[in-house]
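One chain is shown next in C-alpha cells, namely the form predicted on its own.
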Amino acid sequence: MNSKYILADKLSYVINSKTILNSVDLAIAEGDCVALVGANGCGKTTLIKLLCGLLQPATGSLHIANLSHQNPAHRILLKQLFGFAPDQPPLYPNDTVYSYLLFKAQLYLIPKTEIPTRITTLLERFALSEYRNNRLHTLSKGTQQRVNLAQALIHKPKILIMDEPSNALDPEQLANFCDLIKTLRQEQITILIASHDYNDMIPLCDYMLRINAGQINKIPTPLQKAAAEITHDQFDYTT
C-alpha cells in the first residue's frame, strides 16, 4: 500500500484575513479510515474542499495518489478518484431516487450498459429499493442521507469523503451505516469521515485527525490502540 496516498506539506488556507488551516502536514495511507474531528467551524469542511480541489491553498502543496489539483492534466483523474457525500446533500427535489442516481452516473461517464446494475446494487446496499420511484422531496432526512451516500459511490471511487454522515440517521440507520463502513474497508477504499461527534466515529476508524486552532493532531483510536497494545488507562481521548 502507498503510505503517502494523501500527502499535504505545509498546507495553509486563509479567508478574510482569518487563518483556517495553518501550515499543516498530513500523510494518509491508502486504505486508511480516518475521522476528521473538531468543533463546528474548526476547518473540517475547508480541509475537505481543499482535498477535493474546490478550494486552493494559500501556501503549501497537496498530492493525492501522486496527482495534484494544481496540474490541469490531473484534475479529471482526481475527480474520478473522489466520492463526496456533503453534509447537506445537493438533491434535486423533483427527481426520483433512480433518476437522480442515473444523472450522477452519467456525470461520471459510466458506460450505459453498466449503469442499471450499479444503481440496483446501490439501492439494495442502502435499503432504497422500495423508494426507487419516489421523489426526493417526499423522503425523510435519514432516507435522503442514504441517497446522498449512494451517489457518492456510484462511480466506485478510491477515496470516499463524508461530511457529518450520521446527521439525521436514527439508531438503526446509524448501525447500518457502521456496517457499510466496515464493508468498504474490506474493499480498501480510503475513507475520511468529518464529524463533531467523537463517539460515532471512534469505533470505525484507524485514527482521528483533530483540527483545532488551524492545527491538526493525530489521535489514536481503539483500533490503533489495540494494535499498539496500549491499555485503556494509558489512553486519553481528550488530547
Partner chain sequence: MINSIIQHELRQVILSRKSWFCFALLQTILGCIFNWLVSKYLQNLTMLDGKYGVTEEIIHPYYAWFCLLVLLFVPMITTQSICGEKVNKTLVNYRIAPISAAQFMLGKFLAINVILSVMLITISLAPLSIMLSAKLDWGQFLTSILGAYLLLNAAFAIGLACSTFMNNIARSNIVIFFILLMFVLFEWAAEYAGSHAIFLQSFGLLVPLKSFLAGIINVKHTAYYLTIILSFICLAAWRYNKGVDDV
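Positions refer to the first chain, counted from 1. Because the structure is a prediction, the values reported are computed rather than measured.
The discussion below concerns the form predicted in complex with its partner chain, not included here.
Any non-hydrogen atom of Leu55 within 4.5 angstroms of its partner chain in the predicted complex: Contact check for Leu55: yes, within 4.5 Å of its partner chain in the predicted complex.
Any non-hydrogen atom of Leu139 within 4.5 angstroms of its partner chain in the predicted complex: No, Leu139 is distant from the partner.
4.5 Å heavy atom contact, Arg75 and its partner chain in the predicted complex: Arg75: yes, in contact with its partner chain in the predicted complex.
Close approach of Pro111 to its partner chain in the predicted complex, 4.5 Å, heavy atom: Answer no; every heavy atom of Pro111 is more than 4.5 Å from its partner chain in the predicted complex.
Contact stretch among 24 to 32, 205 to 213, 46 to 54, 183 to 191 - heavy atom within 4.5 Å of its partner chain in the predicted complex: Selected range: 46 to 54.
Every residue of Pro86, Asp95 and Tyr100 near its partner chain in the predicted complex, heavy atom within 4.5 Å: Looking in the predicted complex, the three residues Pro86, Asp95 and Tyr100 all sit within 4.5 Å of its partner chain (heavy atoms).
Candidate from Arg135, Arg125, Arg118, Lys158 lying within 4.5 Å of its partner chain in the predicted complex - any heavy atom: Comparing distances to its partner chain in the predicted complex, the residue within 4.5 Å is Arg135.
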